[in-house]
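Given next are two forms of a protein chain, the same chain in both, each as structure tokens and marked structure 1 or structure 2.
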Structure 1
């Protein structure tokens, strides 16, 4: 049963709401839908889920791009109403006929809407009935039910008081058989004025059909979920075994005997370099000589894009010229398709992840569908303009990325501003950490580094060298220590010695590595940093999507708190190595919603800059 159906303009004025479904919506689902979905260029998605305290809604929408109208239907998530899409498109059609830009009130639409709703519900029931034909037990009672049902429905159609029966077919739940057309029985919406006998019959039917009916999809989902769980349990088992001991043992990567000594730093002398050369040979066979077990699948360039070259050939040119002069009436999906496909291929040749390019094109198609072509414009230029606008919208940060301002605020409050650098192996975390420290130093801010990469040999020395060159304090505890504890102590030290900013370096880790992600999430939970910066390289291809989504997901799932901290910003590195294949920036921003705060474009201290949205968009669409 629908909670609400709204029609509003793109400028924000509500034109019509269904007065009957007067239930006030809890929270503000419409505003959230607009902010997190439609303005984020995800309008190609099928539906949007909204959770508020006390309600869980699902929202579906459709646009009328020519008139600039949006139609949104809200219903409870536990219901699976099948007729919503149908209803929305019918409402769109009917409303566009009576729409007038000057008019504000549309009270006459109420009756039309009632009719449309009944039609849609009836159609959904028909579909359901044809699906559930072979159910022997339900037949007898079902037939009786059906007769009673149709009787009441006919009566409703004739009379004006169609409220009750209007709500009858509301429930399209796949589980229940045809007997539960009377949606009033389901969940908390008690039907108004329904005969108690009907309710009883339905109650019994519900019980019967529950045990019998099952959804094949759900079974498949359960099966796959079970498979995944066993796999992770096995992984955890092998990797966590050594960690269960009380004393902290070395991290065992792949079942080889652990080395006796990992920490080669000489605590006395500053010249650690000399000592390292002496002990280098004692480490045994290096990983190069062993079989490669983990293969990273990042940095694969897109070569699919080149394969699907669409020929917008000669026929296309002539008809597009003609259409451009005549100004074709309305665009529909088939017209947009070739132009969108060409754009998608172009985006993919610029190293945008395939999934992201696809979603973007769908969103642009949704926003242009049904729009009237202005005369003297070609379809491709309209599509390009729409895509450009969409790209600028995505890349423009949602909130301010003025770090200096945040640092000053934290300074006033008397606590240090903590930044944690996370990312996979080898993207440039330590290098860019030094660059950020240099930049902050130039703005007269006291910086302190915290060496929480306690795994990789040389990580602490690397930071120590940077700290020496920049003349800033560094907090380190050597290797084999728990990074979360090191970070905590570093922050305490910073508040003691008056540092404004603490930059925390962590070890690189793959997004699939469960124990390491758990350790990272613990570090973030324990220390509650002000900024979690994901460091990603611009060379990455489709893996960017996987990296970011898995990082965010793991940070959310594995955190013991109710409001887990997710990735707040992105630092894009190695930007000087790509000349114009700048798509990784787009993929990362789209999938995570976090803004790009810095761009690293070289290996010296000054090679740090901000993302220039306009130039990126221009390069992407060139």
Structure 2
């Protein structure tokens, strides 16, 4: 049974709901659909499942992009209603005819809806009956097809198999169509009557027998061709050999010492203690506090591109004057397909995960389907503008990511602000934790580190080195201890010594390692940190989707809490090594919904900055 059907504008104004249904929905499925699906550019999906206490709903929707309307149907997931898609399309068609932007109430649509619902239910029942009647017919056809195929395989029964198919009359025609669908007939056109079926079957057998024959002349020709080709390849290679000359410059071979300093290790005293220099005041300002300026080169390139587009638009106007003046009536998916395919390929070359690129293109297609194309506008430019708007919407944080304000709020409440760094092995959690600590020190905030990586050898010593260089306290308990207990004691110690922020370092772990994921889930559950930061490499492509989705899934499944804590933010590392392959940022934000809060772009303490959304979007679409 249908629970509810709503019609509302993209601005959120509800125009009509079915009063006869009037079922009180448990939870807020419509709000969740808008917040987590429609606004997140996931509208290309077929349906959305919503779980509420005591109920499980499935939501389906469609758009009228030209009028800016959204049609949503809600029903119990267990029912599997077959007529919902058909009903939504009929409601969309009928309501668009009576829609008036100045009108708010549509009480007269109730009777129309009841009639449409009955028609949709009747069609669904007819489809069910036709499927049930069609099942035995398909089985018989399958048996006949198997008999004919087995007959065609026998070398001496070719004519017999052809005669049997001819005797079947009407069923024989069905069989011909079926062989075409399954690809058994090798692209031969089959007409009406019985003769073509014999020709196709015999032709197939003849082709099979020809493939068994061994032609010596053909083999000799192929060998001679292959020999000629190899000779030409060798000749070409010998000609191009002198060009591939590699020379090395500024190489010193004598005993003269090199001018550049190669040894950056700290000096060691006679007692074996390292004299670690204090660098907290020597590194300069962190890049987090500097505004990134987008180079004007990209803007000029964009202007040139626009100029070229205008010229091509003019040429198109001369070739199709009326369409350019009036615009295309309505865009459909067949018009959008070429532009979306090119856009998907471009996103994938920028390291966006294939699954994410496909979903984004589906969402853009859903938002443009049925929309009127403006005059003097190309479809490709319209698609690119829609994609740019979608990317900006995805990458822009939906909540405040001002950590300094949150730290001061926690300080007023008399408790330290706790940040937990999580991620897979080798992505740079400890190094970027030190960068965040350096940035906080510049804002006169007392920071303490907690060495909760009690698994990897050398992890505590690495964090201890950063703490001594930055002159900040560190809480450590050595190795083979429970990380959750170490983090809890570190927070208690920070409360006693007046530290404002506790930065918790954790062991790197793969998303499939259940024991380590269980330990991480316990650490987060016991200490309830203010921020859970996922540290990920900007180098990853499709693996970013797997990492983040499984991290969130494991944190939710393994937590004993009814409302488990998931990833709150993302720290992207090694951003200086990827050139224009910035797609990992988009993939991670899309799959998790968490914003990118920091970007690591170097090896010094100052190399930490904010994500420039406009720059990323421009790079993705360039």
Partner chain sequence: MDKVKVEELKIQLQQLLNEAQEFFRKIPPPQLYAAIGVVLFTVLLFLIIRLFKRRSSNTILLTGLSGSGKTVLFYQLRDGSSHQGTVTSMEPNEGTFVLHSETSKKGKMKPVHIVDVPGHSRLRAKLDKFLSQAAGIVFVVDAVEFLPNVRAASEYLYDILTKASVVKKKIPLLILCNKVDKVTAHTKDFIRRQLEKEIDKLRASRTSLSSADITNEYSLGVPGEAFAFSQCQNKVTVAEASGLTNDISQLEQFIREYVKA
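Here, rigid core means the biggest group of C-alpha atoms that superpose within 1.5 Å across both forms. Residue numbers count along the first chain shown, from 1. The structure presented is a predicted model; accordingly, all values stated were derived computationally and were not measured.
Matching each structure to its source, the form predicted in complex with its partner chain turns out to be structure 1.
The Cα shift for residue 414 between structure 1 and structure 2, taken after rigid core superposition, is smaller than 2 angstroms. Relative to the superposed core, residue 62 shifts its CA atom by less than 2 Å between structure 1 and structure 2. Once both forms are overlaid on the rigid core, the distance between the two CA positions of residue 576 between structure 1 and structure 2 is under 2 angstroms. Its Cα shifted by 4.1 Å between structure 1 and structure 2, residue 52 is reported here after superposition on the rigid core.
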